[in-house]
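One chain is shown next in structure tokens, namely the form predicted on its own.
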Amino acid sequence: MIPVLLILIPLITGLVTCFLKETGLARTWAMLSALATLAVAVTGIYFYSPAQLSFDAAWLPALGSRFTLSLDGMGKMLVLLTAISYPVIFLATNRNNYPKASSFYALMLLTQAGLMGVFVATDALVFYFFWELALIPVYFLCSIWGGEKRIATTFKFFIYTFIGSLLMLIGILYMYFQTADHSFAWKAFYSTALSGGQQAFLFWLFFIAFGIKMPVFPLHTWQPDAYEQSPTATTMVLSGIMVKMGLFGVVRWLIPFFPEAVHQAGHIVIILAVIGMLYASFIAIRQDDLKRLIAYSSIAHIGLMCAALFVGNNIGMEGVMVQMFNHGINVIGLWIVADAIEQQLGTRKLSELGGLAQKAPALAILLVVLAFANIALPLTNAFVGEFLMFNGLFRYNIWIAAVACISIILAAVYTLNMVQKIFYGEPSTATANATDVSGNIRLALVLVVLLVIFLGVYPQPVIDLTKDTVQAVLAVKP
């Protein structure tokens, strides 16, 4: 029942939140829901056997679809990331004012229910259902509570994701008709014999859908605008958790089903991903808007993860598993800092900031730790994942890996430049009367930084969770 509870708790509490009239009550209710989900996730992952982490019930028997849920190693890791992130997000944005707050928190919780469903579904139709359930609330969150350009941005986001979802649905239905018993079950898809041409066709249908969600170059253009215009709490969910849907989809639904196509097309994907890493890094260097800088930084990091997924070796794949969790933690920490600065100073422009370390030393120290993690400095959580991923790339192709390594230098440039422009020099007009972070924001940042340091020193808990998934995926041969 654990997978069911992970979905039902945010789903039911989200629906209840719709009817709460007081902002404070809706905020408290959402936090309690997030904490309850976290408690269930931790209990299930660490105290239940694998046999107890599955669920199977009739759903649409006439179509050959059953409501089957299961938690493997990667699913556990992403469920844990989602469960940890939501209380931190609600804590950090506790003082943000949202018109119709009950609707805002209701949609946030419904998004969490969809995300949990995506990470535990083992039936393709159920997976698709939760994929859409995770996306639909985000459209409303962006279009109602976003910035000045929210309508155009949301429309662009909708077009991209709608096309991706449609292509994935076509692929799912094609696979369904190829199965021996017309079933949507993961095992039925896995057992289906497909020709090389069929695999190539289906590979690109699924990859485009997952590539849009990551996003990977050249399917990334919706992301910076969406991150900039969305309310920051929603941006945290988008960048910290939702992009992992695409990476998860590649591992769960693409690599095992189309091994021959992965072998043939993987080189193209790796090249595109490396191009995207460098492209996003160069653009990040030129950004004056803090949100857009973090957005392009995220594209670069996701590009490395995408490339490492297709190298076909154990080290690269394990690095992706570790980094999916760590990237989520790190980028949420950066968004908390960006939101704290914008809420207090009314600006996100780096050119209008400066000297903030004199006014907010605690915030400066916390951001420096997060900045070190963003450039994968040793003893931070990102170092282990990036080291493994680059190691995997070098084993795949030394020249591609050498080009990809340029992004390490570029990441240091734009990240340290961000820290310098925000915190050092003389205080600007905007920062002259700034105060240090305190209360909920400081607590949220401290929790994030503690995770950064702990997993940097001792990454074994995440590695242990996902090593079985890595071995199972790499056991599939073309």
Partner chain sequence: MNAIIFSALMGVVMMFSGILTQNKSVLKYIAATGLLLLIAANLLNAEAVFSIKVNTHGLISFDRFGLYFNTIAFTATLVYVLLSGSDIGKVGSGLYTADFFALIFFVLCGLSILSSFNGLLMLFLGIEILSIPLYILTGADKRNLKSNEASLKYFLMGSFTTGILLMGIALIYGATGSFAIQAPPIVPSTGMVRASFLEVAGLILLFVSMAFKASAAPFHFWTPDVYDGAPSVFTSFMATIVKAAVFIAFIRLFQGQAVVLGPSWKILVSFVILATLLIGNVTAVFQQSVKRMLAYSSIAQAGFMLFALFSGNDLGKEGILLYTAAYSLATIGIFAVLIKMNDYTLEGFNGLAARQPVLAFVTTVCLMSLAGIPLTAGFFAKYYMLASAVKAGGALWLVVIAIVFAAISVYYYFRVIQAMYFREGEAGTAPISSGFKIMLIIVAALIILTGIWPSLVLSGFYF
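Positions refer to the first chain, counted from 1. All values reported here derive from a predicted model rather than from experimental measurement.
The same protein also exists as the form predicted together with its partner chain; that form is not shown, yet it is the one meant from here on.
Residues Ile144, Ile163 and Phe184 are all found to lie within 4.5 Å of its partner chain in the model of the complex, as judged by heavy atom distances. Partner contacts here mean any heavy atom within 4.5 Å of its partner chain in the model of the complex, and among 267-275, 238-246, 369-377, 154-162 they occur only in 154-162. Its partner chain in the model of the complex comes within 4.5 Å of no heavy atom belonging to Phe394. Contact check for Leu450: no non-hydrogen atom falls within 4.5 Å of its partner chain in the model of the complex.
In the model of the complex, its partner chain lies within 4.5 Å of some heavy atom of Leu167. For Ala62, a non-hydrogen atom is located within 4.5 Å of its partner chain in the model of the complex, even though that partner is not displayed.
The contact with its partner chain in the model of the complex, taken as any heavy atom within 4.5 Å, belongs to Ile136 out of Ala200, Ile285, Ile136, Val403. The partner is absent here; in the model of the complex, the one residue of Phe140, Phe387, Trp204, Tyr279 having a heavy atom within 4.5 Å of its partner chain is Phe140.
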